[in-house]
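Only one chain is included here, represented as structure tokens and corresponding to the form predicted on its own.
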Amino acid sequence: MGKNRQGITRRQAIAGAGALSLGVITLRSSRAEAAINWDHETDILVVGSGVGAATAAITAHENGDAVLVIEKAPITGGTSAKSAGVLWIPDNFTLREKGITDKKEDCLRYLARYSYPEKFNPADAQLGLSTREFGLLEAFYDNASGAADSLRGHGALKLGEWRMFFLDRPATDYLDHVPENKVPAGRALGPLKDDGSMGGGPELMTQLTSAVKERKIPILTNHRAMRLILNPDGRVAGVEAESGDAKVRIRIRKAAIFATGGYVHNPEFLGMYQPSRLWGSCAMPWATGDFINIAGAAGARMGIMSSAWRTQIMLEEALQSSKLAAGVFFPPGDSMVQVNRHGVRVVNENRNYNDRTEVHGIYDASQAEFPNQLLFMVYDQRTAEGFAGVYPIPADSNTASQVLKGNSLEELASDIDRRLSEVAKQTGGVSLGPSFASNLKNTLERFNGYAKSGIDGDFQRGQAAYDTEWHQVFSPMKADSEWPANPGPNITMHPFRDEGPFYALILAAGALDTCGGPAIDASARVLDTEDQPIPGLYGAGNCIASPSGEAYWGAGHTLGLSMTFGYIAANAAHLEPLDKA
């Protein structure tokens, strides 16, 4: 018996005409393909229904291709419909209208600097990156604004400049303060409602899904792609899906474009690919990484698998369910710090959620532990009342069960330890270090000095525009608060009160979704283990290895990346030779 690209013995399938193995059916002859009872036939099959999938479907239709969309879930929109609906698009039309030039060479330096800091070399023609890495960044820049303009031009999506609500100014990038970022604000776009106001993820996907339906592109929900059907030459000939107990076979004349979720709700994959624990996610529950096995069985090479769009989450919520409503994107409060099990501050609490969450995975080689696996968001009465109701601080910190309390730092440490002992079986026995309370006292004294001077000597909190501007937008002090506004030189920091009570919330590492999977090239073609495209197979979104590495360039990064590579995939797939068999 023959073997597929991974050396797995093939089993007879399709009445003895082909082979079934781990997500792929390989036909042995064109006669075998002709013998299949196809349920549907199309030029381009799009798998998924989020922003990347919808963009691919609309673009393929406008190119003149017949399109079919299948969606694993009973509803459309994916995690995109649950998001803020922002799209990070360099050199976009709103920048051009204001006369702001977002030069390609400058933007690529920012992307490379952020995505590959360990490789970045501004003197090198490819900025120190491999040809494929550089090509993916270049493809994004070359196509992102075109993708947005195409959707606008075809009446599929109304877009405008996404502004920072209370400040009424363009959104600041997540790494605005490095010299490589020449356009640190204004790259974020958002969906406009009919009245001209800005919408979110539901509005984004309502518009895109409506555009798909208006073009009479069929959308089959409750259809889970299970395996590829390959021609004898390895080209994708179709996809086999499951809908309930039925197998549904879809013949593809040009290509399949997968734009599905990551594997954040697949416990087995999380254990295999995430070196430090992810406790939960606000992705839709259908994000189980199906494309990894499907593409892998066809010989796809995997890219970096440990990548994720990270965010801190509330441990107490994750212990109830790993499928969460939201993450701790912007910790509120100014008299607030995050400390580890030793009572030591370990991060700039105002950094963006993706970068801030990375600190949970730091390994202490001397102690053979992850000391930051859980962090404790400690705050005082000023923050408890002045920022009450700004997630994750509850409306009343004295009555909320998830809040740990103490009239002194010693009492707070005791209450934290009590709670950790209650959930020890679920956390691997995380406990406070013996010097937690004394270290926390020193940490707060040190922080208070920084708050008074306005300079955070440890983590530079509040020194970047991102820190202060996003703090004002997403960490507003209550308008009717009896506590005075922060009079200090740095609005992100205020000295802790000397007297209690003190409060703490337990934070863990979570994710919007993972972004590790099969590797693609600059045309969004899935690559095999010899870095050659698998004919007729394309990928975009969180189901592939992220073209940006693990960097999160700015607000709307994930959706902008997915939309752009969905657009790239559809245009490249349009050029595929038509299989007329």
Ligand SMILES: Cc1cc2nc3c(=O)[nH]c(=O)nc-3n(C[C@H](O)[C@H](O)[C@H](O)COP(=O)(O)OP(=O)(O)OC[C@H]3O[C@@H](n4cnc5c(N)ncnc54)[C@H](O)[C@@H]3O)c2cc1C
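Values in this document were obtained by computation on a predicted structure and should not be read as measured data. Residue numbers here begin at 1 and follow the sequence given.
Although it is not shown, the form predicted together with the ligand is what the next lines describe.
The contact with the ligand in the model of the complex, taken as any heavy atom within 4.5 Å, belongs to D290 out of D290, D456, D380, E349.
Comment: the ligand is not present in this chain, but in the model of the complex one of G186, G85, G333, G462 has a heavy atom within 4.5 Å of it, namely G85. In the model of the complex, no heavy atom of S546 sits within 4.5 Å of the ligand.
In the model of the complex, the ligand stays beyond 4.5 Å of every heavy atom belonging to R163. Looking at A283, you'd find a heavy atom of it within 4.5 angstroms of the ligand in the model of the complex. For L559, a non-hydrogen atom is located within 4.5 Å of the ligand in the model of the complex, even though that partner is not displayed. The stretch that touches the ligand in the model of the complex, counting heavy atoms within 4.5 Å, is 75 to 83, out of 490 to 498, 75 to 83, 121 to 129, 90 to 98.
Annotation for 142 to 172: no interface residues with the ligand in the model of the complex [heavy atom within 4.5 Å].
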